[in-house]
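For reference, the chain that follows is the form predicted alone, supplied as C-alpha cells.
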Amino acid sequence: MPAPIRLRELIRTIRTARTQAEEREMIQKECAAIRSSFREEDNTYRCRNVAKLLYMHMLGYPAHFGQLECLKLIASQKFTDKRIGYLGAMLLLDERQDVHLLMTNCIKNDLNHSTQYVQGLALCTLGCMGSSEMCRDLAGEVEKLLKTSNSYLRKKAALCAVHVIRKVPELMEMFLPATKNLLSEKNHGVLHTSVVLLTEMCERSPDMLAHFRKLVPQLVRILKNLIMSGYSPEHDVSGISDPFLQVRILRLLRILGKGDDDSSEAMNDILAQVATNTETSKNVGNAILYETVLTIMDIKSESGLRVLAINILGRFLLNNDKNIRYVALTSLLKTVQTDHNAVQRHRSTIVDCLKDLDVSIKRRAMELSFALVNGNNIRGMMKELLYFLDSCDPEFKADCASGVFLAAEKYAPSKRWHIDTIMRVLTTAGSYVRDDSVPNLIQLITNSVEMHAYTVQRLYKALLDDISQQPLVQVASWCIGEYGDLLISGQCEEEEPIQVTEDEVLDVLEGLLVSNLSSPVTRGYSLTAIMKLSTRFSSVNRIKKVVSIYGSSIDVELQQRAVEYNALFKKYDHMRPALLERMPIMEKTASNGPTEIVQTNGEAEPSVVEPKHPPPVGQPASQGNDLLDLLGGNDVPVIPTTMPTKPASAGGELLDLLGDLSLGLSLMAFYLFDLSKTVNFLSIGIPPMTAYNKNGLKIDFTFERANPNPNVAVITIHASNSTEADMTDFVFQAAVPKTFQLQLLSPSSNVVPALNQGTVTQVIRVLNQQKQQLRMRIKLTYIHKGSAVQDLAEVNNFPPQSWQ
C-alpha cells in the first residue's frame, strides 16, 4: 500500500478547493483512505493519519472513528505518538463517552513517567477532559506532582488540580498543604498557576476562604515586588513586569478582602500604589488599573481610595479605545449607587459619551446618565437627555423615553416643568413611549388644577402641528374634551392666550376621526371628547350630527360608543350635564389596584378608571395591604369596600341606573350596559349558599343576575351573629382572580347584632365575561367581646347557575 500523503500536503490540497463541494469530495476521499489504513492496523503511519484526522475535525468534519486510534497512540512508547494521541483525546473525547475511561491507566503510568514532557502531556489531558471518576482515581498522582521540585511539572499540576477540584470539590483538602507552599516559589509560571488554584478554592469553599485570608500579607508582598522590581526581559510586557500575574493576584485579593475588615486594611496601601504607579499609556497598564478598580470597589476600602478608583474610571472615559470606555461606563454604573457624589464629578464626560458613534457605549452612557439624575441637576440632565432623544436611533427611543418619564415623576421641580417635559417626549418620540404614558399624563394633568388652561392650550397647538404621534393626540383629545371651555375662554395666565372658536376646535377633533393616521383608540378618544364638549359648547346640533354619523361606523367599538351617546341625547338628555361633567382628581395607586389605568395605544381601549374613595369609618387604613396579604401576592384585582357617593344632580338617577359602577375615564364602561333598555336585576332561581360559618358568625350568599347583561352576577351577603354579644367594626372584604372584575358596595351597617336579631347586608357585583368558574377569597375583621378577630376563607363552591 502506498504511503499516505503528509499533513502539510493535505492542507495545501484542501486550500486549492474552489467550492465547498470540491472540498467535501477531497475530505471524503482522504477519510476513506484513513479508514482503510486503520482497518489494516498500519502502525507506521497511524500518527500521521490521526494528525490529518484532527485537522479535518477542526474544519468541522466528523472524525469520531479515530477515537480508538488515539488511545493506541497514547499507549505507544514513542513521544511523537503520545503527543498526537493525547491531542486527539483532548479534541475527540469527553466524559460523555465511556471510551475515555480506557485512558485512565495510561494516564496514571505517564504521570509517573521518567520524562517530564510525557508527564506534562498526561497532566494537560487530565486537566482538559478528565471526568469525575478519572479525577478521583488520579488525584493522588496530581498531588504528588504538586510537591515535586520541577517547576515545569508544578505549574501544570496546579492547573490540573483546578480541574480536579471543579469535578470533585470534596478532594479540595487533599491539595491544601501543597498549595500553601506554592506561593513561596520564585518561578512566575508556578506563582501564576498557584494563584489560579487558590482563587478556585476560595470561590468554592467558605472554609478555604477563611483559611487563606492569612496569606494576604504574602500576596501583598509578591505584588509589591512585581511593581517595584526593575526591568526583567523574561516577564516584561510593554514596560510592565508580568501584568498577567498582577491581574491574577488582584482578583484573588478582591475575593479575600470582600466583607473582611482586616484583610481589606492590609491591602489598602498596595492598591493605592498600583493605582498611582501603573503606566496608563499602554493597554496592559489599563488592564491592571481596571482590576485594581474592581478590587477597591469590592473590598471594604477607604473612602479616598474609592474616589481614586472612580477617578481612574473617569480617565478611562477619555481614552480613544472604545472597549476601555465601555468597561468604564459599566463599572461606574455598578458603583453609582454607593459612590454617587464621586461619580457626579464626571457627569459632563459621561454626557459627552451620549454622542459616541458606538451604540453599546451610547446605551451604557444613557443608563448611567439616568442613574445620575437627582433633584439638583434635573433641569440640566433632562435638557441633555431630551436632546439625545431627538437625535438617537429608534432602538434607544423607548428606553430613553421611559427613563425621562421616571426621572421627571421623581424629581420634577414644578408641575408645569413636569407637564412640559412629558409633552416634549410625546411630541418627539410618541410612538416609542410605554403603554401607560397616556393615562399617567392624564392623571398628572387632572391633578394639576391650576395648569388646566395652560395644558389644554399647549396640547391644542401641538395637535395643529402634528397628529402622527398617537399618544400625544390621545392626551390632547382627552384634555380638549375635559377643558375645552377654558380653551375657548382664553383664561391662560402662564402664556399668551390664543383666540379659538368652538367650530375650530370641533374641526380639529372631527379631523382626527377621519384621519388615516388615527388608531381606533384615538378615534374613541376624539368621539368622547366631542361628546363631552356638548355640555361645554353651544354647538350641540353639530355634535349630535357627528355622533349620529358614527352610529353606523364599520369600527364596532366606535359604533357602539356613538349609539350609546345618541341614546344619551334622545332618552337621557336631562342627565347629560351631570354625566359629562369633569373628571374628579384621580389618586395614583399600585399597578394592580382598582384605580389602575391601562392603555395599549391602539391595541385595546383604556380600562375603567375608578376614583378612590376614603375608607369608611371604623375601617383600618391598611385595608389595601391586608387584602394583598389575603391574596398572597399581587396577582388578583381587588376593589375595597367604599362608601356610596351620590352626586347632588340629575345624574344621580343614571348612576343608580348603572348601579354605581364607574363610568370611566371617557365613558369606557358603557359597553357593560345597553342604555336603550331599562337595567334591573332579576332573580333567576339560583340557590343560596353558606359561604362562612364559624365562631357564631354566619355569611350567606344570595344571587341575582343583571338584566339585560348576563355577565354581571349580583351577590348579596347576609351576615348574622348567633353569639350573645354584638360584633362591632365589622368589615367584609373579597378578592377574585384577574379574569373577573369585582365591586363591593357599602354595607348596611358595621355592627352585626347578637342572637340573630338582625343581619348586615352588602352587595357584590362580579363581571365574568369569560364565563369561568367563580372563585373568591374573603377576609372578615370585627371586634367581639373587646377582642379583635380576623379570619380568612376561600369560597369555591358557587352554584353553577351563578357563573354559567
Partner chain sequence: MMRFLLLFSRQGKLRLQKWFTPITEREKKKIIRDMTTLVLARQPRSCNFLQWKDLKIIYKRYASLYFCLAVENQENELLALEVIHRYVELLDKYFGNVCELDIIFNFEKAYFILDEFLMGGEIQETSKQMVNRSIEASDMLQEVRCTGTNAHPDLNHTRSIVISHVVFICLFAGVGILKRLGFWCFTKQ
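Under this definition, the rigid core comprises the largest set of C-alpha atoms superposing within 1.5 Å between the forms. Numbering follows the first chain given and starts at 1. Everything numeric in this text was worked out from a predicted model, so none of it was measured.
Another form exists, predicted in complex with its partner chain; not displayed. Remarks below refer to it.
With a 4.5 Å cutoff on heavy atoms, residue 290 counts as touching its partner chain in the predicted bound form. The shortest heavy atom separation between residue 124 and its partner chain in the predicted bound form is within 4.5 Å. Although the partner is absent from this view, residue 156 contacts its partner chain in the predicted bound form, with a non-hydrogen atom inside 4.5 angstroms. Contact between residue 740 and its partner chain in the predicted bound form is not found at the 4.5 Å heavy atom cutoff. Exactly one of the stretches 279 to 287, 723 to 731, 338 to 346, 554 to 562 approaches its partner chain in the predicted bound form with heavy atoms within 4.5 Å, and it is 279 to 287. Exactly one listed residue, out of 306, 248, 213, 452, brings a non-hydrogen atom to within 4.5 Å of its partner chain in the predicted bound form: 248. Distance criterion of 4.5 Å from any heavy atom to its partner chain in the predicted bound form singles out 44 from the list 44, 36, 756, 772.
For the stretch 89 to 126, the set of residues having any non-hydrogen atom within 4.5 angstroms of its partner chain in the predicted bound form comprises 90, 91, 94, 95, 96, 115, 117, 123, 124, in sequence order. Relative to the superposed core, residue 242 undergoes a C-alpha shift smaller than 2 Å between this form and the one not shown.
Once both forms are overlaid on the rigid core, the distance between the two CA positions of residue 81 between this form and the one not shown is under 2 angstroms.
Superposed on the core, the two forms differ at residue 367: its CA moves 2 Å or more between this form and the one not shown.
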